[in-house]
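Presented as structure tokens, the chain that follows is alone, the form predicted on its own.
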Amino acid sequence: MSQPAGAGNRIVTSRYDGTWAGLPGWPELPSAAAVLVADNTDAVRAVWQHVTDGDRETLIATATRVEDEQAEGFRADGLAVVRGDVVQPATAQRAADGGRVWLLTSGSTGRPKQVAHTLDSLTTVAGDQPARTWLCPYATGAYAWWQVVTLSLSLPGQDVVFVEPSQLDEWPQLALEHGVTAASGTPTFWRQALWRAGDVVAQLKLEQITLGGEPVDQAILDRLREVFPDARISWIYASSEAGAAIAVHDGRAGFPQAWLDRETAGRPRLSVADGELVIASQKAAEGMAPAIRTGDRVEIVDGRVLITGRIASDEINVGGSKASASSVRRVLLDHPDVVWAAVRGRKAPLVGNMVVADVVLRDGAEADTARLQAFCAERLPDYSVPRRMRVLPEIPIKETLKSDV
């Protein structure tokens, strides 16, 4: 099989520094396999094996994301389970579905589910692109991880530096050492990076900054613009199920209202139903409905469609009044001393639920929780004001680079 256009691109992992084409082979890898890896080195080897052998069916995920019961489910579905040199054969024998790539969803609503793609459906960037060295901190095998991988495989000049979870605290120095010029991460990832190591991050010569995986707010976009005035800053809306559906480059939160219900050849159709974002896309996973209800709540403000959070968790019923967790969070993030906030409901005997919040403050902040509550009270109805607040010592971040806000 001919090699992809990006075969000569350099990739760097914790145990490998070379080109895609120079990766050591994995000749004993079963043709239909769930490869549960300890790090990105084994992950990119499995990718390369899949790419150079078109008859393979592959699932790649971090071993820590997959419980034993789910691994047995893979075997029953006809996939061998591979952990390093240990191969557990499938318990249901069948031929590999050549070219199929299985992904696990983020698992935000429970155990991660399997969705099926191909390298073509995962490849969303085409045409001439400037030569860049990308930083990829995403969870191995996640949709966003595959976006960086397929970019590097399909276009010459797109090198990648992969970041292991154990390296997340030191990634700015790693990026400096390898001359990273483009980086993709969640808003939580960027918020934490600027809060924890802003002086080192500011030394990076970033030409492209990408945010995805979570709703983006204006505060983090403005902060990144302040630190990187010449960089192209993009927000991407994508999911394992719907694929990459929205790309915004104007530095403003949300996307233009004019994009709703627009029919454009080759582009997803975006619409809103009962306050929920709905996407119809050719890049969706196999077997999805023609129009996918995303579960994300949207608001239209001044001609922009803002994604505010998950419908299932955004609404807090406080004595019959509906408080919006995302609205409360936006108010907290408007406070100059707050760099991160999470808002949720908590059971309360008289009103059913009350609003509570966790915040992280900037270094040297003068605000305390009483002042923050007063700040909220000036901008929100009484039932939406957090009744209890905790100040956390640092921004919490999960393996998915998200923080359940």
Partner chain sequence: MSTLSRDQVRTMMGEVLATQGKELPADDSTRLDAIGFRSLDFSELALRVEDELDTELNFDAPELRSIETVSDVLDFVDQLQQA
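Residue numbers count along the first chain shown, from 1. Given the structure is predicted, the values throughout are model-derived calculations rather than measurements.
Beyond the structure shown, there is the form predicted in complex with the partner chain, which is absent from this document and is the topic of what follows.
Listed residues Ala367, Leu380, Val351, Leu29 were compared with the partner chain in the predicted complex; Val351 is the one with a heavy atom within 4.5 Å. Comment: the partner chain is not present in this chain, but in the predicted complex one of Gln70, Thr52, Gln373, Thr41 has a heavy atom within 4.5 Å of it, namely Gln373. With the partner omitted here, the stretch from 41-49, 343-351, 62-70, 359-367 that lies within 4.5 Å of the partner chain by heavy atoms in the predicted complex is 343-351. Contact annotation: Leu206 falls outside 4.5 Å of the partner chain in the predicted complex, judged by heavy atom distances.
Using a 4.5 angstroms threshold between heavy atoms, Leu211 stays clear of the partner chain in the predicted complex. The closest non-hydrogen atom of Arg388 lies within 4.5 Å of the partner chain in the predicted complex.
Although the partner is absent here, Val318 lies within 4.5 Å of the partner chain in the predicted complex, judged by heavy atoms.
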